[in-house]
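Below, in structure tokens: the form predicted alone, a single chain.
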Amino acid sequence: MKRRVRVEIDVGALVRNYGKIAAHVQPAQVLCVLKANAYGLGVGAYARALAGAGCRMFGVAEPFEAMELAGVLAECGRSADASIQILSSVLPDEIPDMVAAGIVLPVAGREEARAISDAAVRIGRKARVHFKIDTGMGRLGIVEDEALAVVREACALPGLDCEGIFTHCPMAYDPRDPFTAGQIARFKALVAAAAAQGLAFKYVHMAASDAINNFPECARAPFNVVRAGINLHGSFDPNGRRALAVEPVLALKTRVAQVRTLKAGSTLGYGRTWCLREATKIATISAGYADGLPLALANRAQVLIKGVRCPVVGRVSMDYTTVDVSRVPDVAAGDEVVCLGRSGGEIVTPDDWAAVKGTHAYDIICSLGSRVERVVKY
């Protein structure tokens, strides 16, 4: 049986987006962030396509993701020339396996540096590390005031290849906020101070998708790597610039379950939040919040049926959603419904849903349900 709800991933669009990002930031390299199973869309298809397009640097959040990605890259013959970096944190018991597997590890403090060094010496191999500096995110990393001393001490430890240094921006989605400019200046000063003490790094990076669009200096020296996440999917934060002409990668589709004409005065859904002023043709579609349709779409958004925008009327349920199909001729059970994506000359994007929900596209993409079939289109 085919699933009623599916998300289609356009690999061609993904590869084109990667190419546009790479061209925009050159000569900096693009590190493609594929954490959380490529934001729930399937790390295998993403990694194979991006590796085939020339990507050699990948980022994940934690060790399980790193090993899963390593398996994919090995299958497609890219394990020897590609690096996988854990961008967040590594726990003490995880370190030996990660060092043995050749995963690039974050150093977020003295203790981590020593533990990684000890594991590398025991195993008899170098551990590649990037220093994770907290310049204002307040989440993980070496606090800025201690960074130079910690970096200097760690670089003297055996078994470490201290190849990189990086930080992360909490406000880069807003090009008008002054915090990011100050953060950039402070991080550049730290890198320069380290260099003055003979501590140079092969990789220096700060920009994720927001900074790529809003702070182009983060792709210029001393920076030589950018971390692309949401832009790979063709989405942006709603507050910033859109310097990249990327395109949506995914389409979320379902089918019509039933079509009825309901009389004036009928109410729709839990809470009876919509009352029909006149007799109206209503379609119930086979997708709800369990599939990733936000509750916030109720009475505020549209889906596409036969190229026509059909308003969502009534509350979104777990498995079904009701829409007004008065403008769609001959609509019937089984017809395709485009919740996200293009139909005819119309398009609905994750950014559109994010605006309705008051969030960002990451939230929309990561919320697609586990029963939604992932279909890769080449």
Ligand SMILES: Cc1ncc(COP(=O)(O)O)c(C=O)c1O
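In this text, residue numbers run from 1 along the sequence as written. Here the structure is a predicted model, which means the values were calculated and not measured.
Below, we refer to the form predicted together with this ligand, which is not included among the displayed structures.
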(Q) Please pick out the stretch from 29 to 37, 63 to 71, 313 to 321, 330 to 338 that is in contact with this ligand in the predicted complex, where contact means heavy atoms within 4.5 Å. (A) 29 to 37
Q.
To verify the annotation, which of these, 252, 249, 218, 228, has a non-hydrogen atom within 4.5 Å of this ligand in the predicted complex?
A. 228
Q) Of 87, 257, 244, 171, which residue is found within 4.5 angstroms of this ligand in the predicted complex when only non-hydrogen atoms are counted? A) 87
**Q.** this ligand contact in the predicted complex: residue 306, any heavy atom under 4.5 Å
**A.** no
Q. Quick one: does residue 208 come within 4.5 Å of this ligand in the predicted complex, counting heavy atoms only?
A. yes
Q) Is residue 139 one of the residues lying within 4.5 Å of this ligand in the predicted complex, judged by heavy atom distances? A) yes
Q.
If we define contact as a non-hydrogen atom of the residue within 4.5 angstroms of the partner, is residue 362 a contact of this ligand in the predicted complex?
A. yes
Q: Scan 107 to 128 and note down the residues that get a heavy atom within 4.5 Å of this ligand in the predicted complex; none is a fine answer too.
A: none
